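A lone chain, given as structure tokens: the form predicted alone.
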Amino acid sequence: MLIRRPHDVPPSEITPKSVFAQRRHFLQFAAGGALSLALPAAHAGDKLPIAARSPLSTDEEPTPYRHIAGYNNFVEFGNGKEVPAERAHRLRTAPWSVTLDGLVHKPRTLAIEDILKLAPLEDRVYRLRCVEGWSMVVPWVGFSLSALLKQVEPLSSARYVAFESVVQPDTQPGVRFPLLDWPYTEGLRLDEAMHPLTLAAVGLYGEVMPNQNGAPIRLIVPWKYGFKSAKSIVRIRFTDHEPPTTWNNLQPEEYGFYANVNPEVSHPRWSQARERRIGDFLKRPTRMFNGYADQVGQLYAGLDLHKYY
């Protein structure tokens, strides 16, 4: 995979917290009102009805929008971090639905409009750490994934959750080539998927999700490397065994199933001990579980994190 480093920008170009705060709208909506917003009919840049800022948010300064929307991994559109922003406008996001099936009592296919009614949308500012060594702070909009997963009542035998991304060969040139085994798949343990930090994201910076960032709905698991957070999800399947995942299948020695951010476990080709925050000149130490150790560390009590990387 081609790895390219983002251009450094001076601190003066980082979005001030006050500016971001002014863009956030804390509105009151009547039942059946704004939360029934038909997201597929909206466009990137349209405002979303945010009910509150989540207490789970970090207080770090968000990365400027132009970097978040312009520097992405989305291999369905091709290699290179700038390529998704150039090509993703072709992605068809309407109509859109997500199928939830497998080991559940009530398998369902839900339209994105109905998914938006499941829980109030929150502003969640999360750290994002990518396996290549760069990081961002992203003000996502969404709700805890558990609100969606509970709709189908998982069976007691369900232990894992598998995620499948959309395949559109006519809009995603990357899927026309056997770089990966399409569709893109990812997976979590059920307890990871149900954790309050795990986010079903539908926007960022208070606005509808840009296509290149995973519109109209994507996964965010902030304590894991970015490749675990599947984009443009069309299916969620419950299973009793660890599901195969795209990068782990292709290069298991480099991309473990767990993919927890761990400065003590190096990638075979580089150290994970330090990271470069986009917009910064100097690197900073990488934090265990990307800084979320207090919230998620108990999930891995007794697990050898060097073996299960």
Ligand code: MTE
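Numbering starts at 1 and runs along the sequence shown. Bear in mind the structure is a predicted one, so any value in this text is a computation, not a measurement.
There is also a form predicted in complex with the ligand; it is not shown, and the following applies to it.
Against the ligand in the model of the complex, the set Cys130, Phe227 and Lys231 is in full contact: each member has a heavy atom within 4.5 Å. Using a 4.5 angstroms threshold between heavy atoms, Glu76 counts as touching the ligand in the model of the complex.
With a 4.5 Å cutoff on heavy atoms, Gln212 counts as touching the ligand in the model of the complex. Heavy atoms of Arg237 never reach within 4.5 Å of the ligand in the model of the complex, leaving it off the interface. Shown alone here, Arg189 lies farther than 4.5 Å from the ligand in the model of the complex, counting heavy atoms only.
The partner is absent here, but in the model of the complex a heavy atom of Ser165, alone among Thr93, Ser135, Ser165, Thr198, sits within 4.5 Å of the ligand.
Across the options 280 to 288, 66 to 74, 46 to 54, 263 to 271, residues that bring heavy atoms within 4.5 Å of the ligand in the model of the complex belong to 66 to 74. Contacts with the ligand in the model of the complex, taken as any heavy atom within 4.5 Å, map within 177 to 203 to Tyr184 alone.
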